[in-house]
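Only one chain is given next, in structure tokens, and it is the form predicted alone.
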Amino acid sequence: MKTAVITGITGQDGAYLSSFLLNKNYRVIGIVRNASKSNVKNLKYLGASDRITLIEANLLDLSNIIRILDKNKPDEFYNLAAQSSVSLSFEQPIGTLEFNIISVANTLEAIKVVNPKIKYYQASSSEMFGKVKKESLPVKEDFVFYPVSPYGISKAAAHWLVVNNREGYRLFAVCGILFNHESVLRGSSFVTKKILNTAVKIKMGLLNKLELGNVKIYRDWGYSPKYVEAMWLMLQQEFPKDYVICSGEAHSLEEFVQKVFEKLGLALEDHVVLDTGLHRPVELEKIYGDNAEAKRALGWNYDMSFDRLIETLIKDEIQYIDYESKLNQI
């Protein structure tokens, strides 16, 4: 039985990755800041909360990570913890930079001290690429970074820390450069979750309006449960390498909203309100990636169309709202 440590285990990807690894007979250990206050509802929803071990640790304290690695002797370490909201990073740039960079530096240092054979996965982000010229799209693994948000900057710095430790100390350390990936477990601060949850509740007669900012942006959206499979595949290879994980298609947020409302039988003009106050200080107009290398080298099979993604997200959201409703009645 392999042992995996996951940071950010209570988030969307952490919950899906936990469930995925448990199904492969891993012993899964999750690092949380405060076990008594950690929200494990995502893990409970997937039926994984009773099958994992949660350990308290401060990732900004190197000694904490050394202690966990020394005691639990993991084979794999998945670092998914981060201040991951782009919009929040503009409001809290210092905190975003501090946590997203120092936590990675500490973990890599702890691996070198305790056991350099531990395989390490870093959750990198498409936000690192930032200003990519339209004619250069789609984004590939060798593209130059030009981040336009504190979040993107922090992720780029963490990414290069991983590369530096891989090349300088021969660690098996890789970065999954993930583009937007959605699910019913997305945090409420993300616009896709806001759209899906609000639209379904409008259909149910529980809400009436959906307020949005810039809907003219184009993004590469995929399905989170499939993306965590790519994370695992990256650590099963003979040699460490970074990969772009994406759907390979670009769609506008406007199209995202239109399809959600269309499939629910709702009229946009009756419910959607655009508010320029919700625009970010700097916004990327269009970005999408090329997943050919991940498919070729990892054997990763991603073939979900945009229409099927929307249909799946709506179905999942309806089921989740029903699940929450039943919990509230208990």
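Note that residue numbering begins at 1 and tracks the sequence as displayed. Quick caveat: nothing in here was measured; it's all calculated off a predicted structure.
The following text describes the form predicted in complex with a small molecule, which does not appear among the structures shown.
Listed stretches are 107-115, 206-214, 248-256, 75-83; the contact stretch with the small molecule in the model of the complex is 75-83, by a heavy atom cutoff of 4.5 Å.
Screening S89, S124, N165, T198 for any heavy atom within 4.5 Å of the small molecule in the model of the complex leaves a single hit, S124. The single contact residue among R33, H279, K44, K286, judged by any heavy atom lying within 4.5 Å of the small molecule in the model of the complex, is R33. With respect to the small molecule in the model of the complex, the three residues G11, K155 and L178 uniformly fall within 4.5 angstroms at the level of their nearest heavy atom.
In the model of the complex, the small molecule sits beyond 4.5 Å of every heavy atom of Y120. Taking non-hydrogen atoms only, W232 never approaches the small molecule to within 4.5 angstroms in the model of the complex. Residue contact check for F129: none of its heavy atoms lie within 4.5 Å of the small molecule in the model of the complex.
F99 belongs to the set of residues with a heavy atom inside 4.5 Å of the small molecule in the model of the complex.
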